[in-house]
Ligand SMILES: C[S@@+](CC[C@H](N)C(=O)[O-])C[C@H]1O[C@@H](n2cnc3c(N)ncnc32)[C@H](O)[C@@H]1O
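Presented as structure tokens, the chain that follows is alone, the form predicted on its own.
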Amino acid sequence: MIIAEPFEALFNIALLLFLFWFTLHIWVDLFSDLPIIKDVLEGANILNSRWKRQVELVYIITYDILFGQEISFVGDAEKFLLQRKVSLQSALARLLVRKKMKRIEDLLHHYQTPDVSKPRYVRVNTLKLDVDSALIELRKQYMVEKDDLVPDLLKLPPKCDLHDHPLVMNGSVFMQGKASSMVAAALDPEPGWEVLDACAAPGNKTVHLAALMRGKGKVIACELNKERIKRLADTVRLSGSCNIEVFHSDFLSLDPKDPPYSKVRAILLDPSCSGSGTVAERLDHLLPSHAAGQSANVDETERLTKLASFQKKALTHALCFPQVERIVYSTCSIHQIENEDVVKSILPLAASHGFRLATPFPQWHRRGLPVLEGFEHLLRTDPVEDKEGFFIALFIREEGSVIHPSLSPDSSHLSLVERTKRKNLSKKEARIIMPTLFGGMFKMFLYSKPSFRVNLK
């Protein structure tokens, strides 16, 4: 004990010094990596003392509001900043003028500090250009090789600036990370199928689906956020895809039995998430709870819980499309609550609909966390070692399995007796009950839902 106590004291002192150095390092990184967000917030002048104490979380949400991630009212910080969205956008516009730039993409590129160890990946848009031709053209300037896992994906050295390259500008190749490109490839839809991209914007995965289908069949691209619809439509136009229909609609409001969706055979579900795995593009890794390995703070925990609740609802809904055979659920999150926990909660319902977990990219070495049966079928990429943190779960329906038309997402959890009662409801009873309960007012509500197609022609 006499020897142990001085050793323990020295260890504690060393630990405190390390934590001090680590915290200082994180704050230096934070302010060197986030000048554009810092400039916008200073220009908007909206932060009070409360939010200045949670500035890291504010940075993340501000980035999402300004640069494309879909934001929901999941916490006080989101509500506060969304109410001041106009001020943030005005400050961003003034910053563009001050920097003499016309496009947000140029501004982001101007501020970006590239990861010197992260390769640049581009996906060849085979609707416009074959892989060999892309290789010949890109090798005029760069060292290029084919990716060993994802078809049509090319790997270039780090720090390659392709933003103004002619192949990028004309939509022949898309700058897309390896992990992101794995999502549509994992779904692997067949040419001629009807496929639904449930949360489609900004559209890179959508047009990847169209390319994998060789332009045959139909891709339904569903997006709720009206500000992201334009970006989705622009991506579709740039790709040259002719088999994509863009719908401005809430995926959860789609009736699986409606004619536009009743023949869907594959669904790509990449819902809103924390984005904590895309550390090179987003800022969650600067949260103290993430950087120091501590428990999440109250705001972050609330945010993740509400995101996971939405993700479960979306995956439940996807399972109810009558003809669907394959579903990919993916996130760019590292958090178990948004990944394995969502899948685990849905597995009994999936099994009742005839689905099982399948293994996307069996040769990939990194699988799910061992917290549920079948975790070895799940796929993860690591934000440090793989430079992106993604999660992919592939559900495949067993041949011959169907969803009984009387079962809705809610009725799937009823007892056998209650299900039988619902199925045995006579046509006469239905004729009596339906007009009484729903009538003309229900029809007016149904046809007034905010859902419409975006004509890309």
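Note that the structure is a prediction, hence the values are computed from the model and not measured. Each residue number is its position in the shown sequence, starting from 1.
In what follows, reference is made to the form predicted in complex with the ligand, a form of this protein that is not presented.
In terms of contact with the ligand in the model of the complex, the residue from N204, N243, T316, S172 that brings a heavy atom within 4.5 Å is N204.
Though the ligand is absent from this view, in the model of the complex it lies within 4.5 Å of a heavy atom of just one residue from N225, S276, T126, T381, which is N225.
Exactly one of the stretches 337-345, 157-165, 265-273, 76-84 approaches the ligand in the model of the complex with heavy atoms within 4.5 Å, and it is 265-273. Although the partner is absent here, A200 is a contact residue: one of its heavy atoms lies within 4.5 angstroms of the ligand in the model of the complex.
The ligand is not drawn, but in the model of the complex it has a heavy atom within 4.5 Å of F310. For the chain shown alone, F251 is a contact residue for the ligand in the model of the complex, at least one non-hydrogen atom being within 4.5 angstroms.
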